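As structure tokens, one chain now follows by itself in the form predicted alone.
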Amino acid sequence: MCGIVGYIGPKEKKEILLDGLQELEYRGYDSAGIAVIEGEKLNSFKAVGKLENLREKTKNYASDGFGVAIGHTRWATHGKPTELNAHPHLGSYSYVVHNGIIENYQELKNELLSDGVNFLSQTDTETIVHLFEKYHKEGFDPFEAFKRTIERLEGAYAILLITEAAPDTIFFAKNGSPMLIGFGEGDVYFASSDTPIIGKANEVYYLEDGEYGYVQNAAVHLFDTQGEKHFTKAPLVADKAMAQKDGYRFFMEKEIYEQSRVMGETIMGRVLENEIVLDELDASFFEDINAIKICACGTSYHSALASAYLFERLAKIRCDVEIASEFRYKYPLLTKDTLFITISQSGETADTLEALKMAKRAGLKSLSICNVDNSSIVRESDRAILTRAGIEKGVASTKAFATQTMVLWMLSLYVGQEKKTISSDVLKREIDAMLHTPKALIVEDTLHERIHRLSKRYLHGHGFFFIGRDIFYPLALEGALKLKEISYLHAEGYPAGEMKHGPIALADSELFTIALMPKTMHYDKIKSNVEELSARDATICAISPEPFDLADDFIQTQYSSHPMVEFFEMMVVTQLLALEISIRLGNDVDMPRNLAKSVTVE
């Protein structure tokens, strides 16, 4: 969720960079930095934490006159959030900022290390600037050195590079990570989204994958695999809120669509070919740990419930899940062989924070799973794993839930690795499924249109049952919660096998049943449960890769290779269904009544 800002021109550059980075704060970050070349002098500043820290570091610095400048807000992937790992990254006489992931960075780094290059950071990004300088020192002009560097990179990237070897030039490249060029009066801007340049530039060009080039004397030279190319500028939208939404109707809709990308960032550097690597933990962390207790609220509680199946099934360790607001008042038995895990999107959830303090007073090891670094829960915990979802503006959580669940899945495998309770075959199978998950989260236009059309059938009636078995039961709870939060319709999640123990008494044609029917897990059992509801004339919406004859509505999913891949694909369907029903009812999807994003009261 990193952000990039760049500028070439005569204006004061520090404020352009800092103001632009501030407009990108909504994306989430844990450190920030800027680099400026004026004349032939290169200056740089970095700071961990909020932009105020960087502003404080640069308060006595001004950058008047013509120059080039780049800035970056970093969300930690390779390496912890430190000043050394913050961007821009320095070579001997060049600086680079980068969004994305260089998949072959280790190979490149080993090559550079063998050439005697010293690395200061743990990041993949630093390889770019050293590779550029290697080619430049071999005698290539700066642009040819940059071009050769880009040709060596594998993965996703948006890159800006400045160098004392060409102090009047910014080099750029884009592949799989967004970046645009803005055009003002005699100056040129770069950014990873529209918002930093609104009010500064009046025209824009959105770079396409595989494009690269340089800016010199306010002239943009653009290239692709066919050579230099012409491009057409477009007018720049003037509404910052709309720019942040990237054309989506609501932030919640945007965040549903972002899930594929942020899931890739969540697993980046952590899910390797044959193992799970969590730099936040050390080998001794799980010594003497024989059980796990998870405390959370709301959506985070549902991700915890799903993970309990995974910890016990994969890692073979007992896992209990508690609602934080209840935990504090039950006089819980807490033993020191239990790892206490708290989950919170904001890291400020009052009930969860108080439960964590109680566990710490009892002497338990603590681990938090959170989306906000340096939040209260992260600071209070012994260890923390960040979900890397970026800022989530919609009150009803979507991508935070997805990334929490993924982190917990990774953690269950990590525990199995450390305790040697998981076989190499099972580990490899789970990792393969993890690597396929981002693809399962892509929202196809046909899927969204199908859900939009059928949503009109579900605006009236006396309620919804979301039903599922195993890990799909917590997903049913989450699907029902999403619908309740933004549509204000009554919805409940149930284990499918519990229908006959009471709730089926409510079944009639005005009861809507959303049935989660994965092919990889208990399909025949849940099919039987749904048939019981259909026989009582309940209206059935089946979500499954397998067509179901008794369904009034059927939403076909694509993946049926692994339960968790099906889980995430069905999660998207339930989110879109809640979204479309709410929009049809005329509700404010992003700001549902009576709710707040961060619940800081008990």
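Don't overthink the numbering: it's just position in the shown sequence, from 1. In this text, all values refer to a predicted model and were calculated from it rather than measured experimentally.
The protein also exists as the form predicted in complex with a small molecule; that form is not presented, and the subsequent description refers to it.
The closest heavy atom approach of Thr169 to the small molecule in the model of the complex falls outside 4.5 Å. Although the partner is absent here, Gly100 is not a contact residue: none of its heavy atoms lies within 4.5 angstroms of the small molecule in the model of the complex. Contact check for Leu506: every heavy atom lies farther than 4.5 Å from the small molecule in the model of the complex. The small molecule is not drawn, but in the model of the complex it has no heavy atom within 4.5 Å of Val262. For the residues Gln345, Thr73, Thr266, Thr127, the 4.5 Å heavy atom test against the small molecule in the model of the complex is passed only by Gln345. In terms of contact with the small molecule in the model of the complex, the residue from Ser300, Ser412, Thr403, Ser368 that brings a heavy atom within 4.5 Å is Ser300. Residues of just one listed stretch (169-177, 490-498, 131-139, 345-353) have heavy atoms within 4.5 Å of the small molecule in the model of the complex: 345-353.
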